[in-house]
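The form predicted on its own is given below as one chain in structure tokens.
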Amino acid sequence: MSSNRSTSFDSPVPVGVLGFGGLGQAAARVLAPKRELRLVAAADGKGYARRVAGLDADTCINVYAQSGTVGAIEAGGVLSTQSIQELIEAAPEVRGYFLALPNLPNTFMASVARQFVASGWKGVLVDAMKRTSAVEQLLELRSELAEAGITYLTGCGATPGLLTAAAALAAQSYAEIQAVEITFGVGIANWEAYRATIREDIAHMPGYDVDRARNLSDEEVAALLDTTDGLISLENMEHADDIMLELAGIVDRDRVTVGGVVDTRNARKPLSTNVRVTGRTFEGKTSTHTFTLGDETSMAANVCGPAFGYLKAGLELHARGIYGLFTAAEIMPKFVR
């Protein structure tokens, strides 16, 4: 399979961000100083903005804060309740999108992928989804994505994503993997800046599911957090690190565990984020590799940085005519300059 487009990073590649909540805004800031990728399109639930010369991150963020949508931007903004579909059609120059969207309901990301397939658009899509069941839905679209000329990389945030890839590398020391344990700490000074992300975390709490968390009002979320002093403690989460490592042939999913603590009232992490890979070497010795993220790196930095690293890798694959669905455990991200 061949592509009629080549990817050169001598000039900025036009990319877009779907979703402009906390992660989408952080993504715009991450892209601002980059010279290899240029943000030219952004969308939220109420509108979209497109500017071929590039969107200014501060302008987008300020307008969103004032009006609730990037569609209110004077130059290139459009108000719309069908923002994703209309942006796909209005911005044919966009080569790749970071889907910084809440996967609420649990079928939402797969439905967005179907929109891209149906539109005839060809390019690269990257998400930072969390749930195993959500990734399984995308797996059902593998052939459709490939036939549509779309290179889709899923689970490319922090976990799944950065830590999953680290586990895949750490596994190489061993003849057999006995356990992969991912523990994360997230500090957010104001939960309202990450409403959708917090709701996704609440969906993992005992007594909650995706639908119940999605339907909570902001007042109900605040009341729930009041009962926990702002902390969300999570254990044995349904996290796609398990299926990603299994698909990569590294370890059975039942040997992968994910849990952590989210502090919704303090920017400082409540604990350090790390992945521990325990295995048996060819000499018969048991050992554990540990990869720990610096406490100074925020959730946004650890999600958006890898997402664009995988987007760059996806652009290179797409230019070589390699289409379909891949995960963060299969592809090495490329550093975006």
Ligand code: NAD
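Because the structure is predicted, anything quoted here is derived from the model rather than measured. Residue indices: 1-based, along the sequence shown.
FYI, the form predicted in complex with this ligand isn't displayed, but the following is about it.
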Candidate stretches 288-296, 22-30, 275-283, 53-61, one within 4.5 Å of this ligand in the predicted bound form by heavy atom: 22-30
Interface membership of residue 43, this ligand in the predicted bound form, 4.5 Å heavy atom rule: yes
Contact label in the predicted bound form: residue 142 to this ligand, heavy atom within 4.5 Å: no
This ligand contact at residue 262 in the predicted bound form, heavy atom, 4.5 Å: no
4.5 Å heavy atom contact, residue 303 to this ligand in the predicted bound form: yes
Single option in 125, 258, 202, 84 placed near this ligand in the predicted bound form, where near means a heavy atom within 4.5 Å: 84
Among the candidates 113, 91, 237, 129, the residue which, in the predicted bound form, approaches this ligand to within 4.5 Å (heavy atoms): 129
Within 241-255, the residues that have a heavy atom no more than 4.5 Å from this ligand in the predicted bound form: none
